[in-house]
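Presented below, as structure tokens, is a lone chain in the form predicted on its own.
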Amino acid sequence: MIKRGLDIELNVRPVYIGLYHEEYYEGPCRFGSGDALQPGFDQIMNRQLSEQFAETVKNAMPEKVKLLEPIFVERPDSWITGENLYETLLEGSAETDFYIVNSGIGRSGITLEFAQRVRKPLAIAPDRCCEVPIINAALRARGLEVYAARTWKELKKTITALRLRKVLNSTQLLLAPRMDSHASMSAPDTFLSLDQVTDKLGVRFRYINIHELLDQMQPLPEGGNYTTPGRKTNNITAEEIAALEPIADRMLAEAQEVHVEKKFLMKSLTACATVKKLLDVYDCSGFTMPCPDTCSTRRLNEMQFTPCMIHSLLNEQGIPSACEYDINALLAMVVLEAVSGNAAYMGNTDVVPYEDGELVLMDGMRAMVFPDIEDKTNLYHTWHSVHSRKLHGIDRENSPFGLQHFARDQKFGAVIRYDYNRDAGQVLTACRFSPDLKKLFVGRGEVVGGGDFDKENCNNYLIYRVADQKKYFDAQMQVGTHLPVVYGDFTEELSILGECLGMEVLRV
């Protein structure tokens, strides 16, 4: 089963810890007058306040949160705390990801012991005055995971970041290597160790040999596939291929421009459908395969497709899929799509210096037609043929798009084209881990435009402006070339995620 990161929820449980007085008296820690000093009054107020607290928590939650049944406990002013109180606090702890605690004077010790017992992340309600610094100092000194927020709005972003950590911990990726199961011939800037990724982020990996994958992109022949003779494998069926016909017809009808034949579009759709079928079989929610390693087998030329459409269509369905066996970029896309609900776009990401009144174009850019941009400062450039119709929301209608071929001579390899000029002014967020998992790049930019909508091959590009090109460039040099992006500003949530993961955040 494909378990999308988009669908993973963080289980949050509110906890109200009340204090009640058993006798009538006044003093330095007993305030009030009249009935408020009478025995029994506190119990009545605690129940009312706990209900108000639960409602406040409910209204403050971000999307993709499952709010669990609140827990209510009280302690008397005799300071005798029975074991039954902790038993109540620990109920349902196995399913709880995060606690929000309403505590106060005379209850801090209970919160401390509860945190020591449950060993789950928690935060004190932001409006609890002195309790926030008390509990944070006490728990942090003991190495326990606790979060502080000045407002409920801030806490909302922390909860979103913790959900992203859970998404990573729940992620299983399907990798299709040829030469090397760790890195492709074009992406050595990926992780140093996949075991380290599993240990630190909880991400797991499943593998299928690229030749077995390619064999399964056709109905199973009699006697089995060439690479697995006699074995019954999960090949796409003739019926499943036939079901792609109306999808191809719809794409051809809806595209603004079409420069590819239907037969080639069908080959690309067949490849995508095969990969999605295998994702379901392997219980994975993300995919990558190596471009140059596979290209050099000449099988892509023989089968007349490129992987681009696989990545585009899977990302449109909330299933992260990355070029060039770039597992690092793939994990960044897992995070970006989960936080935004938008399809991510990844590509070769290059600085565009502006020096002596002219743009300084790198080798790959000189053949590209740059739009007329009045302000040429602080520009960045991203290009790959894995564009998406769902940049503005995976659950929203498709944006206008075009269809082009990839191969210049033979015209195969259907790819989606997108005009980024229509999104000028749109804020975007970029993300990538460093190969050693010690740093997390978090970038913010604003779309300026794009180009090469009508060109074939690995292009059609996005141009965006950053606040400080030099700082952005220096930070990128620590993480690698592919900087996946999504529309929207999620830099705060991703920065908190980096801190939760114990990484240095390169926020630019």
Partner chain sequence: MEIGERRKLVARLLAASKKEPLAEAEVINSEPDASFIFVEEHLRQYVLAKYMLPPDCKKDNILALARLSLEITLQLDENALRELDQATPCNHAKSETTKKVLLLYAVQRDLHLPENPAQLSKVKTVTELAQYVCEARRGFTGKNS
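Everything numeric here is computed off the predicted structure, so don't read it as measured data. Positions refer to the first chain, counted from 1.
There is also a form predicted in complex with its partner chain; it is not shown, and the following applies to it.
None of Lys58, Lys471, Lys66, Arg47 but one reaches within 4.5 angstroms of its partner chain in the predicted bound form through a heavy atom, and that residue is Arg47. Each of Gln38, Phe41 and Arg107 is positioned with at least one heavy atom within 4.5 Å of its partner chain in the predicted bound form. With its partner chain omitted here, the record of contacts in the predicted bound form names 29-37 of 478-486, 29-37, 460-468, 442-450, defined by a heavy atom within 4.5 Å. Shown alone here, Arg206 lies farther than 4.5 Å from its partner chain in the predicted bound form, counting heavy atoms only. At a distance threshold of 4.5 angstroms between non-hydrogen atoms, Glu51 is in contact with its partner chain in the predicted bound form.
At the 4.5 Å threshold, heavy atoms of Asp127 reach its partner chain in the predicted bound form.
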